[in-house]
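Here's a solo chain for you in structure tokens, the form predicted on its own.
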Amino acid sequence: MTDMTLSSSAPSSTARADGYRFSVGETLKHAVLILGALVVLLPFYVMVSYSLKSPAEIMQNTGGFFGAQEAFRDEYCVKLGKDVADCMVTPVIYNYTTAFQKAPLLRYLLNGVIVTASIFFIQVLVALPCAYALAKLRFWGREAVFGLVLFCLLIPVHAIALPLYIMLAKLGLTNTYAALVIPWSISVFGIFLMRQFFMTVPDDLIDAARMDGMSEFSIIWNVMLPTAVPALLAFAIFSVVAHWNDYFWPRIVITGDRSLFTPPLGLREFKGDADGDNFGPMMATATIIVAPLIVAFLIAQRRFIEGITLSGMK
């Protein structure tokens, strides 16, 4: 009986040992992934660290991650004629307070929400019907249209920036929300992503909806839309991140109205001239701008991965 017990436990022990067998290939893969993660995270580490330090610690690169948090003299406060004792501030409080005081950061954040939400909403209105037609309808030239969609993915934004600006300028739309939203109302990436997802939806579901008397538009919004939530969340991450962080296009079309600045343009408020750059408040502003995106991604992470996975099944 004992021998049988030992013999029956031996395979499981061997299997367990085989499960933890060292592999040079897997180790190299994980080492590359860890190195890549460190490269990606390093700028965020520097950003958060600098937002907690005093100007002297930033320039000398001392104080560790959190800094010494020793009070220092605010030179701008002294220039205003205030008492030196009243101008002693703690680095973290100074950086984050200045981020809101020197620039209307809440207004910039609100502009970012308005612009990114408007762009995403219009992109969905356009992308869903287009993707449904390319995935489920049969019409002449469908493959050619899909080829044009793929071709448009290859065109960089910078190549068409000048014609777009001239068009908006002649229409008198520069320095408006429309100038920030209209050029991005059609997303070929969104059409492509949703088309790939709709290809995974069974045709029987659509045929059943048609037999129930539903129109094609009703099928899009009442049948396809609920099934496409994972893909929409994935697309939302791509769209919101791209346009929330966009500095290039807002810098071109928003030239005179400071109240229309988006969050990335707000960072320019801390770009110094004779007095130098105010890196502490600048990094604090960057941290505040990035934080909502990180929180949103962490909340929707599972759905995001699910949407990307399902979109590539066919």
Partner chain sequence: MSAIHLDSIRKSFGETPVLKNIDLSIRAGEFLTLVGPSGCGKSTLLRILAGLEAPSAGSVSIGDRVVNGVRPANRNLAMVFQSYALYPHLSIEDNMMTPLRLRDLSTAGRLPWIGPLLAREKYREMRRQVEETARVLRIEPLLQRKPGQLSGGQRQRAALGRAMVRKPVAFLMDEPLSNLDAALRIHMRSELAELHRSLKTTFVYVTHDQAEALTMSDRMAVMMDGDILQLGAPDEIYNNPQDIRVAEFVGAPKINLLPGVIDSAGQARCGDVVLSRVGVGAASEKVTIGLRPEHLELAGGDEKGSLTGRLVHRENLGADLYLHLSVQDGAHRMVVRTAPHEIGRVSIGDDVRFVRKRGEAMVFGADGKRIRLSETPAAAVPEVA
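Please read these numbers as outputs of a predicted model, since none were measured by experiment. Numbering follows the first chain given and starts at 1.
Heads up, the form predicted together with its partner chain isn't pictured, but that's what we're talking about next.
Original post:
Pick from Ala71, Leu110, Leu205, Leu171: which residue has any heavy atom within 4.5 angstroms of its partner chain in the predicted bound form?
Top reply: By the 4.5 Å criterion, the partner-contacting residue is Leu205.
Original post:
Which one, Thr90, Gln101, Thr200, Thr227, lies within 4.5 Å of its partner chain in the predicted bound form by heavy atoms?
Top reply: Looking at the other structure, the residue within range turns out to be Thr227.
Subject >> Location of its partner chain contact in the predicted bound form, chosen stretch of 90 to 98, 219 to 227, 173 to 181, 110 to 118 [non-hydrogen atom, 4.5 Å] >> reply: Only one stretch passes the 4.5 Å heavy-atom test: 219 to 227.
Original post:
According to a 4.5 angstroms non-hydrogen atom cut-off, is Lys82 in contact with its partner chain in the predicted bound form?
Top reply: No, Lys82 sits far enough from its partner chain in the predicted bound form that none of its heavy atoms falls within 4.5 Å.
Original post:
Heavy atom to heavy atom, is Gly141 within 4.5 Å of its partner chain in the predicted bound form?
Top reply: No - in the predicted bound form, heavy atoms of Gly141 and its partner chain never come within 4.5 Å of each other.
Original post:
Wondering, does Glu75 line up within 4.5 Å of its partner chain in the predicted bound form on heavy atoms?
Top reply: So Glu75 does not count as contacting its partner chain.
Original post:
Any chance Ala135 has a heavy atom within 4.5 Å of its partner chain in the predicted bound form?
Top reply: Because no heavy atom of Ala135 falls inside 4.5 Å of its partner chain in the predicted bound form, the answer is no.
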